[in-house]
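There is one chain below, alone, in structure tokens, taken in the form predicted alone.
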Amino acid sequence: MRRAVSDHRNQVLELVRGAWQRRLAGAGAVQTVSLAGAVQRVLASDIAAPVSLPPFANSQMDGYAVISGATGSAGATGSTVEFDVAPPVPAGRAAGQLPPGCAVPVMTGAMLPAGADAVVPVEQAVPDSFAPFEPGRRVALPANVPAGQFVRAAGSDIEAGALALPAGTVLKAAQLGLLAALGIAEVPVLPRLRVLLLSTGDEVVAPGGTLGPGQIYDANTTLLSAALAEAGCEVVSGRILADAPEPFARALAADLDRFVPDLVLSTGGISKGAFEVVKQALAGDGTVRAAVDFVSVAMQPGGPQGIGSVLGTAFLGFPGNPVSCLVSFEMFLRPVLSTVLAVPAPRTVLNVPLRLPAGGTLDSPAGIHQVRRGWYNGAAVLPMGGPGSHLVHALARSNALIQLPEDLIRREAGQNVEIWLL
């Protein structure tokens, strides 16, 4: 019996949740990092504002700081009031007290003089431009300036002691900018999920190597390393292991001891072929202590899957074809990471028309959840390549996954399909 996609995702959820809880219960569950190192990290504890923002009342405009009450009464609409011009206040300087009967030139962001409660933009003044300060210079400003005009009050953004960011916040540009504005240089964050990534196969060669007969370059390690990094995980190691059960088991045990990952993710060697090294090494014959189920999920590509534990560490096995790898990651691991770790953000899901040649159809096997690659142009989605799990070029040209659930066997041009934006 093939396992439903939703059932397998739920099993992956429980596996990763357990691994994450063990990580949080261990040493080093909270890390203190610089703001530069906190991008896409999850805040481990509440952060209170150590200072107010703004820390002082300041000007929102280049203009003149005044006492609003000195600009006249409501009956003076349309008229102006003259003030002596005091020495200007540039940004970054103490403002002092507002002299009686004066207007003080202030630049945007400059501290308001004590007593001032409004700013008149220089464009509304006569003359309407600043001149070098000279004693005796005067300026005419509009009457009836309302209190608070173009003034950023101290603490109007956030007051000292107030909650700036709650625990669990994903730190992106805006949140890090707030912390920087508050003068905070380091923050406590939750750890990243540590992933040991293994590719298998005597036929695969690392990029840059020399191909022998029947060999291909390894795309899986690069593809999944990038996908995991984008999802906020820490790939502690990624390498190719040979297609021999005992060497594979020994290397895996050594890597587990060396890197202490939260999750092992392997690719290849889990299907029904004669040389399925991962299956053979983790079959429970005593070569390495493992409890792994190798199952068939009703999904194309990515039907063969492995799930369980190896030497007490959570284990997932993905198929060996590159597209199967990425589809497995997107369908099972990435959404689980979103749920358990709060990063990455869930994929955007849309229902959009299918773009096909006239009379064309998009067919899917009955009883199988097929995931096709496509290009979404903002209005409709065009399938890219066929359903094959080896079509890396088509994958690279895609920005969406087209979801064809197991009860949907055909879609025609113009009919809606569900897509996940990549």
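All residue numbers are counted from 1 along the displayed sequence. Quick caveat: nothing in here was measured; it's all calculated off a predicted structure. Here the rigid core means the biggest group of C-alpha atoms that line up within 1.5 Å when the two forms are laid on top of each other.
Form predicted in complex with another copy of the chain: not shown, discussed below.
**Student:** Scan 181, 236, 340, 251 and let me know which has any heavy atom within 4.5 Å of another copy of the chain in the model of the complex.
**Tutor:** Only one option qualifies, and that one is 181.
**Student:** State the residue from 176, 240, 244, 352 whose non-hydrogen atoms include one within 4.5 Å of another copy of the chain in the model of the complex.
**Tutor:** Selected residue: 176.
**Student:** Only one of 290 to 298, 191 to 199, 104 to 112, 305 to 313 has heavy atoms within 4.5 Å of another copy of the chain in the model of the complex; I'd like to know which.
**Tutor:** Answer to the contact question: 104 to 112.
**Student:** Any chance residue 70 has a heavy atom within 4.5 Å of another copy of the chain in the model of the complex?
**Tutor:** Close contact is absent here: in the model of the complex, residue 70 is far from another copy of the chain, nothing within 4.5 Å, heavy atoms only.
**Student:** Using a 4.5 angstroms cut-off on non-hydrogen atoms, would residue 127 count as touching another copy of the chain in the model of the complex?
**Tutor:** No.
**Student:** Indicate whether another copy of the chain has at least one heavy atom within 4.5 Å of a heavy atom of residue 82 in the model of the complex.
**Tutor:** No.
**Student:** Just to confirm, residue 258 within 4.5 Å of another copy of the chain in the model of the complex by heavy atoms?
**Tutor:** Contact with another copy of the chain, no.
**Student:** Does anything in 11 to 42 come within 4.5 Å of another copy of the chain in the model of the complex by heavy atoms, and if so which residues, in order?
**Tutor:** Sequence-ordered list: 35, 39, 40.
**Student:** Return yes or no for residue 93: a CA shift of at least 2 Å between the shown form and the other one, with the rigid core superposed?
**Tutor:** Superposed on the core, residue 93 moves its C-alpha 2 Å or more between the shown form and the other one.
**Student:** Is residue 383 among the residues whose Cα moves by 2 Å or more between the shown form and the other one after superposition of the rigid core?
**Tutor:** Shift of 2 Å or more: no.
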